[in-house]
Each structure stands twice: as C-alpha cells, then as structure tokens.
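Below you'll find only one chain, the form predicted alone, shown as structure tokens.
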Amino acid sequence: MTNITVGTKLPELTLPPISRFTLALYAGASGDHNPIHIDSDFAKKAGMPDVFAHGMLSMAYLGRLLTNWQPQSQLRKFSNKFAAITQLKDVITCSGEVVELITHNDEQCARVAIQACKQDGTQSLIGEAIVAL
C-alpha cells in the first residue's frame, strides 16, 4: 500500500453518459421502479424535462470510487447528501481526497471527502467516507 496522507487524492472515476438503458438496468438491479426515472411521460407530467437518474445510482458510483481505491472490507462509514439532479446524458465524475487521518474505534483511518460532479462541474452528491488504513 502506498503512503496515505492528508491530501492524498483518490483516482477519479468517470462514467459514461447517463442513458435510458443505464436507468433501466439500475431500476431492475435495485428494485426501484419509480416511474419518474423510467417513464418520460410520467416525468414530464411531474414537471421534469425528462426522466433522470436515481440518486442512489450516483451514490453507487461513489461507492465504486472508494472500493477501486481500497477494499470494501476497509470501508467503515459512507454517507452523502444529494445536491443536484443527474439528468439523461450527464457525465458523472467521482473524486475524493483524504482530509484527515483519525482513530476510529481504535483503528487508524482516513476521513475522505468525496463528490460526484456533472460535466459542467455541478456537484450532484457531496459526502464523506471513513476508510481503515
């Protein structure tokens, strides 16, 4: 393992543009078949321009960012807040940076600030994780 210090950046994760196919696959995998995410007519009647991504899909992308960096078994806490809707065709890039080295439950850990951003720089999710070192 490389030396992890405050300021260590996680390797970015950029996903393909959000598509209807991605939303359908996620709906099937998650069991979240809310029509606002998969039915254009329903979404438009609700005042949206079209269907949009499940918030938990972007959270899953942040989870992938973390587990690409460290094994899942080292993840101690993972939370986020939803800041913006992810629309069809948005390209999401997930990033993170170690902001503090701490002791958590008698274990050396890193507190990592994480975010998912759209191609225009808008943050769609903002969160943090505690990862055992």
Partner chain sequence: MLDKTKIGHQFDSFKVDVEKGRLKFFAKSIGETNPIYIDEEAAIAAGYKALPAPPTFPFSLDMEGPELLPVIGLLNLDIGRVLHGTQEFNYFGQIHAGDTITVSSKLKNIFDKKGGALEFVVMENSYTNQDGELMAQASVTLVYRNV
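Model, not experiment: these values are computed from the prediction. Numbering follows the first chain given and starts at 1.
From this point on, the text means the form predicted in complex with the partner chain, which you will not see here.
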- Query: Among Q87, T67, Q108, S40, which has at least one heavy atom within 4.5 Å of the partner chain in the predicted bound form?
  - Reply: T67
- Is L75 close to the partner chain in the predicted bound form, meaning a heavy atom pair under 4.5 Å apart or at it? yes
- Hey, in the predicted bound form, is T93 touching the partner chain, heavy atoms inside 4.5 Å? no
- So in the predicted bound form, does any heavy atom of V51 sit within 4.5 Å of the partner chain? no
- Message: Since only the chain is shown here, I'm wondering whether L101 would be in contact with the partner chain in the predicted bound form (any heavy atom pair within 4.5 Å).
- Response: no
- Item | Sequence-ordered list of residues in 12 to 29 near the partner chain in the predicted bound form, where near means a heavy atom within 4.5 Å | L25, Y26, G28, A29
